[in-house]
Ligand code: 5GP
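Coming up is one lone chain in structure tokens, specifically the form predicted alone.
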């Protein structure tokens, strides 16, 4: 047993210090990025924000809405669509916005192979290999196999929260490493297991490790307001993945329930919750516990009506406050200042 005493920070523990800026308007800020992926040889041009592969967020409807918006926003599709649904979707133009999500179970690979047999290989060129615990040897071996099998596909893999495992996954073949254990609004992993890592510090440390090897990171979870997204990019994230911030919209493909007062709500749940496991696996297996919760979120209409405007507008505004004309400059121009309780934790009560 050992204890690390240096501070580890979440988004709520810091603010970004403003700096002198020559920008006259938010409209002058370019929030698109260009990336060349280390292993696949592919590239990305667009706004590096994506929807998480969760029921009610990583939906085909969300991918179509993002494609319509035209900013290059991405969607990691939930794993639970049928082969026919996926084949139909990946023959459409909206597939440009989508990542195919796959787990490491045999049934996940069987479905992927069934879909690929019905499509030209290039129709699916982005894979997200998603597990809750990216630290297992089995996961690393699976990633190596996938890289050997699909050398020309961009692969995002995770989740991890430390630099050394980020490096391991990149060396195993990941173009992007997904960072985050337990920060999501409907994730209870930290409560159920005691395992986790504050998301801002995890992003900083994993980004530093990845960039040293020519890889990239995606900060997954913990963003509740547009300012958190800006903090994630300021911390070095190349991509940011959102769950709860995109829940509750028309594109959730879930049931919308109206109360007696006329208010409308949608159900949103973690993918390790009782709700998800009852829906997709017939219940919680006897050897495990639920590590997610189910909540009601207010129905918010079309995701492109206001939500994405607030998110992208907030990000542009952050850049003007620190003088970053392009999103890629934000991390270089970011100085975080600790606020509130964290100052007391580090320096003691005044």
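Numbering follows the first chain given and starts at 1. Quantities reported herein were computed from a predicted structural model and do not represent experimental measurements.
Omitted here: the form predicted together with this ligand. The next part is about that form.
What I'd like checked is whether 220, 241 and 270 together line this ligand in the predicted bound form, meaning each has a non-hydrogen atom within 4.5 Å of it.
All three within 4.5 Å in the predicted bound form.
Heavy atoms within 4.5 Å of this ligand in the predicted bound form: which of the stretches 47-55, 314-322, 27-35, 300-308 has them?
Checking each option against the 4.5 Å cut-off leaves 47-55.
With this ligand left out of view, which of 115, 209, 186, 172 would have a heavy atom within 4.5 Å of it in the predicted bound form?
Here the answer is residue option 186.
Have a look at 251, 166, 159, 101 for me and say which one sits with a heavy atom within 4.5 Å of this ligand in the predicted bound form.
By the 4.5 Å heavy-atom cutoff, the listed residue in contact is 159.
Since the partner is left out here, which residues of 1-40 would have a heavy atom within 4.5 Å of this ligand in the predicted bound form?
Result: empty, none.
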